[in-house]
Every structure is written in C-alpha cells, then in structure tokens.
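Quick heads-up: it's one chain on its own, the form predicted on its own, in structure tokens.
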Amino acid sequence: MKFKTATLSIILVILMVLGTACGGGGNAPQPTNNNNQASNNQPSGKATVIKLAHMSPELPDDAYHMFALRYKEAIESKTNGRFEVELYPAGVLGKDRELAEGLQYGTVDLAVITSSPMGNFVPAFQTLDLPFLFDNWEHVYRFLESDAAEELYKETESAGIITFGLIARGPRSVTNSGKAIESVEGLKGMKIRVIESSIFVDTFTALGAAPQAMSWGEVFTALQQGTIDGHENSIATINNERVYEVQDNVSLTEHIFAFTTAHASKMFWDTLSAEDQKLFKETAKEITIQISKEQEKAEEDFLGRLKAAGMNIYEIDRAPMREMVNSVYEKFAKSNTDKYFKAIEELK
C-alpha cells in the first residue's frame, strides 16, 4: 500500500514539472492583434474567412456574380491573404430578403442584393424605385458619383447594414406571351409579377395592370404555368435567368431603373480596423462603378441574345406612361422624404 502511495506521489510531481515547463506557469499564450493579422484576433498566418452571398446564377456577365468574383480577388490580393472570401451564389443562402436579414443577424458577412427589397428595411431606398426617375445612363452615373448617393448609403447603418455602393443594371421592361404589349393600353388587366415593393405595385396599378408582388424564386414556375401573364425586369436578368424559355415578348417600357447594392453586415464591419474598412469600401466602390459601365455596354448584346433565343422586342411610347404615374409620386411624398428625389432631379 505504501509502495503504491509513493509511486503515485512521484507521478504527480513529474506531471507538475511537465505542466510548468509546457504551460509557462499555467498561463496559455494568447493571440495578439497587429497590423499583419486579421482584425478579429485571428492567429498569425490564419486567414479570416468571409461569406459573400448573392441570389443570381454563376455567369461571367451577371452583375451580381461579376462583383462577387472581382471583390473576392481584390480583397484577398490587397490584404495579402489575411482575408479569404467564400462565395455563395445562386441563392444558396437565400434570396434578397433572406440575405438582407442575414446581414442584420451576422450570418452573412457580405451580400449583393437587388436594391428594391432594401426599401423594406430602409424607407429612403424606395426613392430609387420611383418610375421614370432617371433620364438615361449618364444621369445615373452622375448620381452614383454624387454626395447624395453617399448619404443614401449611410441610411442603411440604422438597420445594421453597411452599404458600399450601387451597381446600375439598366432600365426594367415587361415580358409576356401571346399578344404583344405595344402600348400602355396593352397592360390593362394583365397579371404582371413585380418586386415586393409598394412603389412597384402602385406603378403598375397606375398603368392599368393587375400587379402581383412575388418573390423571385416563384416567378419562373408561375410564368411557365400561366398563373401570371408576364413580369418586369432588366434586360440582363431576362437573359441570364432564361425567361425566354417561358415568355415570347419583351416590351421596352423602361419604367424603373434597376440597381444592385453591395453590402456588409455591420456586425462584421465592426470587427475590421479603420484601415481595412477603408480598403473594403473603396475597393467595392471602384468595382461597382466599373461593372455599371460594363452593363450599359452589354445591354445591346443582351437584347441580341434574346432575339436569337426567339423573343420579339417591341418599342413602346413611354410619354403617356409618365403622365399616368403622377399618383405614385404623390403617394410617395406623403410618407417618405423627398431629399434624395430632389437631389436626383437636380442632377438632370
């Protein structure tokens, strides 16, 4: 019994000596944070992994995916691998609304989202949905480079979302099958899918249609089954989402300009150093402007692809349409700030 007790005592002494030698007196070494490491206290040499998500297909000329690819490459390169950007395209982490909520809850770090759903989180963003707000691409570019645009981006911070910038995707037009829409009268009574935005609903109601607010994930099947008559979208999206497989015509109503927004979760943003925040924001703005200009040049190419796929393209007189949507502006003015509308008007 004494032998066993003595043996146990010797073993305990050895373990104590080893523990002191290996553990530095029992205090485990702590990771430090300096300019050569990730700003959320990652150990030296280990990259901070960032989730960047969007809902569009993985196509080389899709604005959402173009941004994701270029941003990933730029951030990883400019930070010498301190950050690793993981891409989650094609709605893997959800559609626009789910991604915006993911940014708020911190389950998504970065996201590329259609601007219209952001209006449900930040009312000021609804301004961009006003019909016939922009005269042309040059008018859009003047806004993107303006102080007013920067002020609009800051509006999302109260919702827990940081906005880097807007990607201009081009004016939205209407698709349908059967008899073509060659004038505004052709919209009367038609069930047209619109984005889940009150301004989109009000716009098409004013134009005489029967708008159906619907999540994008339901649209293709609804068009295929004929539960809706048509939908509206940018020419690029009509092509990239293969709408030509279930619709015959495109009528160039160009009623609302389409934008995509690049965002970061404020929860993620607050882990970054001031230097990294500047890098992330400036890099994003540079890429959004670059892609916007490429989207303008690609518009004719997208129309050509739709024609080649069998779609008929129709011009439409937009003058009477502009008059018909005055009620949309009147309703908007009652419940929203006119600050950004006025700023955009002054840039014409």
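The numbering used is simple: start at 1 and walk along the sequence shown. Please read these numbers as outputs of a predicted model, since none were measured by experiment.
What comes next is about the form predicted in complex with ligand MLT, which does not appear here.
* Asked: Considering ligand MLT in the predicted bound form, which of Ile316, Met321, Leu303, Met55 comes within 4.5 Å of it through any heavy atom?
  -> Result of the distance check: Met55.
* Asked: Tell me, which of Thr253, Thr163, Gln247, Asn233 has a heavy atom within 4.5 angstroms of ligand MLT in the predicted bound form?
  -> That would be Asn233.
* **Three-residue site Arg169, Ile195 and Thr237 fully in contact with ligand MLT in the predicted bound form at 4.5 Å by heavy atom** => Heavy-atom distance to ligand MLT in the predicted bound form: all three under 4.5 Å.
* Pick from 222 to 230, 127 to 135, 205 to 213, 187 to 195: which stretch has non-hydrogen atoms within 4.5 Å of ligand MLT in the predicted bound form? -> Going through the listed ranges, the match is 187 to 195.
* 4.5 Å heavy atom contact, Thr114 and ligand MLT in the predicted bound form -> Within the cut-off, so yes.
* Answer yes if any heavy atom of Phe67 is within 4.5 Å of a heavy atom of ligand MLT in the predicted bound form; otherwise answer no. => Residue-level check for Phe67: no, no contact with ligand MLT.
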